[in-house]
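Okay, so here's just one chain, in structure tokens, the form predicted alone.
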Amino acid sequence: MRNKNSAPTMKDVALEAGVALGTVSKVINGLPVGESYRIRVEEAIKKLNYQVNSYAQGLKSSRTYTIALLIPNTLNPFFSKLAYQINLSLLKRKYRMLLCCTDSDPGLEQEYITMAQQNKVDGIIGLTYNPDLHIMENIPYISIDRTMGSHIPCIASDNFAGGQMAAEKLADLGCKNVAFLRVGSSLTNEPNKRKAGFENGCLARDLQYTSKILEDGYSLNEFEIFLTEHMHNGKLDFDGLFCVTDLIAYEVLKMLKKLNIKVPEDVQVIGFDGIRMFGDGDYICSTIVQPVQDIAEMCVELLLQENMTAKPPLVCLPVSYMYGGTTKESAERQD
């Protein structure tokens, strides 16, 4: 008789269901058995509250059914939404997500790669900033926003098209003199293309533009100094601003309020990412929206494919524009 103080085993489930131990194993692992046997096993599992030892299963199959996600933090709403959607995509495929917040620490990023080499996870999805990150070719790895070699697929939004879309939208809304505000990594990555796309859009629409670019680590107060330097007689020289992220746009909006510049009456502002209040509320500003759910699905789908060599080196997903109150068109005009 089973000790009631101990956790039930597969053998206990087999006895309760009146079936062979092998039948229980097949049901747990999703292998075909007779319908009546499957029902009896599932009822026994429920009655005994049997918990599958996924770690032991992993040892037998050389899999842990766990994927590591490397992101800088969960403070940034864009990273949080990305983690949420990737977790949903993995759960649909009966995989678990190990969330690794690196705080952009190059050493931590490399440590998590080493963990994968030790077979503690079945693969990695990474949004990383370590310029010297070393990934063994036998490690299933998907990169977000950063091209890291032909053997590692990179999933990104179409950042060039997004930058161009922002310029064209400002032009359509009557802007004549605009500015591009950016804080960015020195790494060569896909988001850097937002600047090139914006410049291309400005040239195509005869928009006069100025750029203010800060490297990582610089204080955002530099943007306030920049804006102040471009004020004359209480008015801003620019009638449109494109901020490389919504978070920068959010901070710039506070600066504009401090300078008594009205948005969107005096200057229109467009950000990039598609961040919404409380996850699914209003957009925090008019913005170029990244398709986060599609990015997550593509990352998981490619990572779990067996043949890594057949995977594309770069996948760019389309972006869209959404009104968020910082441009002059009304919400009713949006789809």
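Keep in mind that what you see is a predicted model, and the values were worked out from it rather than measured. One rule holds for the numbers: they count along the sequence shown, beginning at 1.
The protein also exists as the form predicted in complex with another copy of the chain; that form is not presented, and the subsequent description refers to it.
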task = Sort through 211 to 219, 163 to 171, 85 to 93, 129 to 137 and report the only stretch with a non-hydrogen atom within 4.5 Å of another copy of the chain in the predicted complex.
result = 85 to 93
inquiry  = residue 262 versus another copy of the chain, in the predicted complex: is there a non-hydrogen atom within 4.5 Å?
reply    = no
task = Examine residue 229 and determine whether its closest non-hydrogen atom to another copy of the chain in the predicted complex is within 4.5 angstroms.
result = no
inquiry  = So, residue 282 and another copy of the chain: in the predicted complex, are they within 4.5 Å at any heavy atom pair?
reply    = yes
message = Against another copy of the chain in the predicted complex, would residue 150 count as a contact residue? Criterion: heavy atoms within 4.5 Å.
response = no
task = Just give me the single entry in 124, 97, 178, 253 that has a non-hydrogen atom within 4.5 angstroms of another copy of the chain in the predicted complex.
result = 97
Listed residue that, although another copy of the chain is not shown, lies within 4.5 Å of it in the predicted complex (heavy atoms), from 196, 225, 75, 204 = 75
request  = Go through 126 to 143 residue by residue and record those having a heavy atom within 4.5 Å of another copy of the chain in the predicted complex; state none if no residue qualifies.
outcome  = none
